[in-house]
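Just the one chain here, the form predicted on its own, laid out as structure tokens.
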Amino acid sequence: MMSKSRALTKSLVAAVVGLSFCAGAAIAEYPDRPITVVVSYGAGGATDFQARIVTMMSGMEDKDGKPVYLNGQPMVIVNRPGAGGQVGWNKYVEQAKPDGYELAAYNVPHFIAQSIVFPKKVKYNIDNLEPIANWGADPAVLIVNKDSPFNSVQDLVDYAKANPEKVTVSGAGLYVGHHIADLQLDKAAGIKTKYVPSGGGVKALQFVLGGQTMAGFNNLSDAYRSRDRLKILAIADLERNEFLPDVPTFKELGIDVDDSSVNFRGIMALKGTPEPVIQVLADKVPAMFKDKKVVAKMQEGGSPSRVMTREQVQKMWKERQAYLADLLKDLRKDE
């Protein structure tokens, strides 16, 4: 006759094996329902515009009806804008479940710079998030309204020197790429502009178009789509961009503004997401970003693509963390 202790042990073992089998089966079927992707910026802006393009093939099936990327499950974009991304990312790390069904779009340098400058205000950092893949790299550009008296960066700099803090410059938020580019311009050109965080790239662009600010730093992709209504004076990158080949870099103009503000965009998960789920995403998502229909749509919308794998993004995040911590020592202002 089996003792009570042996019977209890066998029951526990059977329960553990059963749970492991169920978990393994669930992961093997992942995903078996739609996946949400939080975008911490408003609808119509560059991040939202691109996120909808790069995820549009997630539910794709081949001619035989077999899923190509993520078991035929769609990715659904959920916008949670506010405070330059802080509202959406804070809510994501505090409320989302680490199960692979709640992902988020990341923006670098945005979330990394904010975690450095506002460590008590924001809940996110590179240690509690897991990169999946990067889809693009969007440089910041300096823009003015088509009717602006400024026809060059030098015109703006000359005016700013004669009128300290009179030049208003819009951007998506505090310590996003736009803000970093403006801080770099002020330092390199020896001027003082007044930075106006507007709560997203769309609003920042509208501020320039509507005359609420004299200039703005914005995403190249957004500026490209509105180029008929703007003057695009310079690009904050190390080389000219194929979409705007006639626009010089700040470096070309003798102004020491580099590529620190280039906006890397991709998809991430919460730390604690099961490793097998992470591996499914890390395998399928970069391939989805490279889908020919996605590439064509990105090109059509003036959106620079730069697909990077999970390992490449992990390396980029660590490098940007160290670099921005050093850069912001000299650039940051008490807010």
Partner chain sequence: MEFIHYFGEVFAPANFLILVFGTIGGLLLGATPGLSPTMAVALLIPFTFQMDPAASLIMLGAVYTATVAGGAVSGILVNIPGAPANIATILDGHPMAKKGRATEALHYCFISSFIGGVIGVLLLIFFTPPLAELALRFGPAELFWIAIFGVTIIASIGGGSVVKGLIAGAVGLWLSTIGYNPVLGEERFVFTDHLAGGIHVIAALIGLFAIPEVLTLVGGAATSRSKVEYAELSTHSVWRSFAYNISRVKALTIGSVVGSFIGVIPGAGGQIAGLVAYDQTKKMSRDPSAFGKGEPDGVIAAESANNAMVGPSLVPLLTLGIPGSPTAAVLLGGLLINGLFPGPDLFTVHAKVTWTFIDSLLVGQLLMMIFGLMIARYSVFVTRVPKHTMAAAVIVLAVFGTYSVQNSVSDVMVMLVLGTLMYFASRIGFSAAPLVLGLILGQLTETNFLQGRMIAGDDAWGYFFAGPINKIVIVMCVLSVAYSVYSERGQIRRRRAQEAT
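Between two forms, the rigid core is the largest collection of C-alphas that superpose within 1.5 Å. Being a predicted model, the structure only gives us computed values, none of them experimental. Residue numbers count along the first chain shown, from 1.
Just so it is clear, the following notes concern the form predicted in complex with its partner chain, a form of the same protein that is not shown.
J.: Have a look at 261, 134, 115, 86 for me and say which one sits with a heavy atom within 4.5 Å of its partner chain in the model of the complex.
T.: By the 4.5 Å heavy-atom cutoff, the listed residue in contact is 86.
J.: Between 73, 152, 212, 148, only one gets a heavy atom within 4.5 angstroms of its partner chain in the model of the complex; which residue is that?
T.: By the 4.5 Å criterion, the partner-contacting residue is 212.
J.: Is it true that 111, 177 and 286 each have at least one non-hydrogen atom within 4.5 Å of its partner chain in the model of the complex?
T.: The answer is no: none of the three residues contacts the partner (heavy atom, 4.5 Å cut-off).
J.: With a 4.5 Å heavy atom cut-off, would you call residue 198 a contact of its partner chain in the model of the complex?
T.: Residue 198: contacts its partner chain in the model of the complex.
J.: Could you confirm whether residue 202 comes within 4.5 Å of its partner chain in the model of the complex, counting heavy atoms only?
T.: Result yes; residue 202 sits at the interface with its partner chain in the model of the complex.
J.: Can you check whether residue 79 is within 4.5 Å of its partner chain in the model of the complex, heavy atom basis?
T.: Yes.
J.: When the contact criterion is heavy atoms within 4.5 Å, does residue 229 count as touching its partner chain in the model of the complex?
T.: Contact with its partner chain, yes.
J.: Looking at heavy atoms inside 4.5 Å, which stretch does its partner chain contact in the model of the complex, given the options 306-314, 65-73, 270-278, 293-301?
T.: After filtering at 4.5 Å, what remains is 293-301.
J.: Taking the rigid core as the superposition reference, indicate whether the CA of residue 215 shifts 2 angstroms or more between this form and the one not shown.
T.: After core superposition, the C-alpha of residue 215 moves 2 Å or more between this form and the one not shown.
J.: Does residue 264 show a Cα shift reaching 2 Å between this form and the one not shown after rigid-core superposition?
T.: The answer is no, as the C-alpha of residue 264 shifts between this form and the one not shown by less than 2 Å after core alignment.
J.: Once you line up the core, how about residue 166: does its CA shift reach 2 Å between this form and the one not shown?
T.: Yes, its C-alpha moves 2 Å or more.
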